[in-house]
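Next up: just one chain, as structure tokens, the form predicted alone.
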Amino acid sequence: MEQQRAILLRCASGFPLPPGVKMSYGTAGFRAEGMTLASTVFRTGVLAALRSLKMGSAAVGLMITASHNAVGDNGVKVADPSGSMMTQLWEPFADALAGAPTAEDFVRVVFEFVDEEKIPFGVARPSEILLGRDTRPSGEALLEAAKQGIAAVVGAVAIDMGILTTPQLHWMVRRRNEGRGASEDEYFRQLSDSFRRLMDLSPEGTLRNAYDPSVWVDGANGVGGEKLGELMKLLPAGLAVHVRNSGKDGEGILNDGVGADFVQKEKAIPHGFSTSDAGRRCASLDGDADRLVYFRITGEEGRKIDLTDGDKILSLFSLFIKEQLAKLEEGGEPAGRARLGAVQTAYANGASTEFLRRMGMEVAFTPTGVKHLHEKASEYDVGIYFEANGHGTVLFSDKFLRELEPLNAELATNHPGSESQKAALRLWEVSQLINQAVGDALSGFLLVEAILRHKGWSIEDWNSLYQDLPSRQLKVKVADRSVVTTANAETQVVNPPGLQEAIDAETAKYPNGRCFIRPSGTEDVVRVYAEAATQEAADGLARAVALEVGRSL
């Protein structure tokens, strides 16, 4: 134990905490300007190694990325052995590690937590930490800091998986702990094989086939564009993918006027696209390829794009899966009675929630953040979650997948099988295609394309599922965001007193009005979200509530 203490003290001394730096571990892990992060990433390497020891030396992941942030930023986060986000119970420990002012304080925090959690040092089985990073210039130096943090824990081994999308690393962690192949080649092969089989299961002779196999993808000048290019080499001829903003050869700036976050927030055409693309089905990934949105350039004066966001992806996935479950139930299969649920946050457009409920879906709400959505979705036999920003996935319970297996085996023996057996096989392939560890823009993209092909739909058909209510998001800078507390999935203000009543009074002035506020998880701002019957009304409601926030804080 003393040897371990000495190693940690010596190594931590080489990564002093920069003056004035204050880090908080949230859904995105730690994020800041890349040049300030070496100390934080070193300490997160120690955190990841300890997490592995706590989990019986299971593999965990450490990803260096700032996702949709500007290229000068970077970040680091830890993936649990299941491939999902690190448990929230360890976030206060992560904060304490990152904020320890000296090497001595850092070591003290480590050993206090080790004693409290009964984390075993010196176990015989090595603890594996899988490392990944995106294409940011600061990533290589930060990777070395992470390796040194991992090496400072006796028995921990860093395994560099190379430049990856964030979802790829999460997938690899999950697969490694399942005892299955976890290489990038195997990731590409699983996605392409499942996509091909799902495409082969598309019904013949659909009443209306408006599906166009060509799609244009904005790669955000990040790692996702490059990886999609590699994946395309394995895809069947039935899909023609045209990648722009791939980031190859230094062309374009990461997330600068491109990417899912830009397209979704600004509702604007990304660089590399123009009105000459009007009418085409287009998609946009974010910088680390864990977000996906679609859009169509209308070419109409005053309209930049028709956005097809995460709410619409959730609705498409829900509709398809519910249809397959109905076929199972019609065939008398127990799997058809699976509990299916959709999980949203308050940022979901109200029209999407109404559509899902009209469809007969069970809809649940959680606070903002993938960790909350993922946890709630895991309570269902089939749980689907998406944020409007395009981050989401589909989770299948082990129980449900076990019920599908006999149907799939029978179909393989007695091809072509009944409609219920085909539905079972479709659901099985969806479970293999979609990344169940975390939101994955590449696997989500392929599932969207397979469903549109199955239904014979154009992007206009998809968009017509419902009409979004006009909305507006604003940010109000405040001295201390912590004075604002919320409840009921962040839709009601608890503190400061009287602010919720003021929001209610303003909201009541607008037809179809809905408005809520929430403190940012990363900066001293309060975010305002408003919906109303018209864009002018949504803008007015957002501005009025922003003024109330300013007066109250």
Ligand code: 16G
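Numbers follow the displayed sequence, beginning with 1. Note that the structure is a prediction, hence the values are computed from the model and not measured.
The following text describes the form predicted together with the named molecule, which does not appear among the structures shown.
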*Indicate whether residue 521 is a 4.5 Å heavy atom neighbour of the named molecule in the model of the complex.*
yes
*Does the named molecule get within 4.5 angstroms of any non-hydrogen atom of residue 389 in the model of the complex?*
yes
*Does the named molecule get within 4.5 angstroms of any non-hydrogen atom of residue 514 in the model of the complex?*
no
*asked:* Please tell me whether any heavy atom belonging to residue 28 falls inside 4.5 Å of a heavy atom of the named molecule, as the geometry stands in the model of the complex.
replied: yes
*Using a 4.5 Å heavy atom cut-off, indicate which stretch of 491 to 499, 50 to 58, 504 to 512, 28 to 36 touches the named molecule in the model of the complex.*
28 to 36
*Only one of 254, 335, 343, 85 has a non-hydrogen atom within 4.5 angstroms of the named molecule in the model of the complex; which is it?*
85
*Looking at 227, 133, 77, 312, which is the one with a non-hydrogen atom within 4.5 Å of the named molecule in the model of the complex?*
77
*Within 349 to 387, which residues have a heavy atom closer than or equal to 4.5 Å from the named molecule in the model of the complex?*
368, 369, 370, 387
